[in-house]
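Here's a solo chain for you in structure tokens, the form predicted on its own.
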């Protein structure tokens, strides 16, 4: 059993575990992972998760959300990631796109976009990354020019989760308007309109349940009333949103690490070699011990950052620390689980270790690479 620092966490774990048992999420995750390319977005599965309330878990109740705390939300993500990491990602994208609207949107934008997104009736995406703006996220080439009551958008976005099918997106771009500095701003864009081209990126290494898209924008109209917050504050909005999202990725990594650890522990007790279970071998015992330490340290860093978020404290450094350590700890744990399983880990017919290995790898990349997390941590500490 995972350690809780708050009694509410166990209720979340029980809720998710019962849902996963009822819907056989482990089996469902494998089926979605193995569907042929180009992988189609799992609309039916998305709707099941949405109707159960997981897409809106921490949305404000006034807009139809569950009103859960950050700690409860991240515990939910952790538990889903234990059963199927890609399912936890499918859920978290709706949260990622909703956060800027929750914090910076006016009543009109919240009513129009947040309420339907909470129920899963509107699939949204977070449109930040571009072909030349990944880690260097401020280097936005997508441009909005003023045209009466509208902005005309031109540019492209890549590696956008759900970007291949999303109906609306939180778009980060530079606005060209007389008297306005050329800085990043944020708009909400309706994607099902003329000038928008969406396609699915194929042959992902892992996390295949949640599809990833490439979006081209050619003379796309966005009403100026869809501006999110103040002009020129978009980059700050993006970074503040990513601070929270990084804790979610850390939670995802904790769930992956816990599953890898449990699988390795169980297998080591059953696998016989040299006349005894391999758990009797010191080499295996040391791997198990190291995995347990990495896992528990990752869990505590993740919960600490979650609590700081809930208390309204600054948590940028702690979010980066949790994301950095937890994702690399998950990498360590799945690698050791693979070593303990040997050939039975390498062949996915026999165990989930290969899928965990593939799903885990992106956690060290998205929402800021491990290298970016180190830069964030060091720059904050050296101020």
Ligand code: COS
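Numbering follows the first chain given and starts at 1. All of these numbers come straight from a predicted model, not from anything done at the bench.
One more form of this protein, predicted together with the ligand, exists but is not displayed; see below.
Contact with the ligand in the predicted complex, defined as any heavy atom within 4.5 Å, is confined among 287-295, 163-171, 131-139, 267-275 to 131-139. For the three residues 367, 372 and 375, a heavy atom within 4.5 Å of the ligand turns up in the predicted complex in every case.
Mapping the unseen interface onto this chain, residue 239 counts among the residues with a heavy atom inside 4.5 Å of the ligand in the predicted complex. When contacts are judged by a 4.5 Å heavy atom cut-off, residue 176 does not count as touching the ligand in the predicted complex. For the chain shown alone, residue 80 is not a contact residue for the ligand in the predicted complex, no non-hydrogen atom being within 4.5 angstroms.
Residue contact with the ligand in the predicted complex: residue 183 places a heavy atom within 4.5 Å of it.
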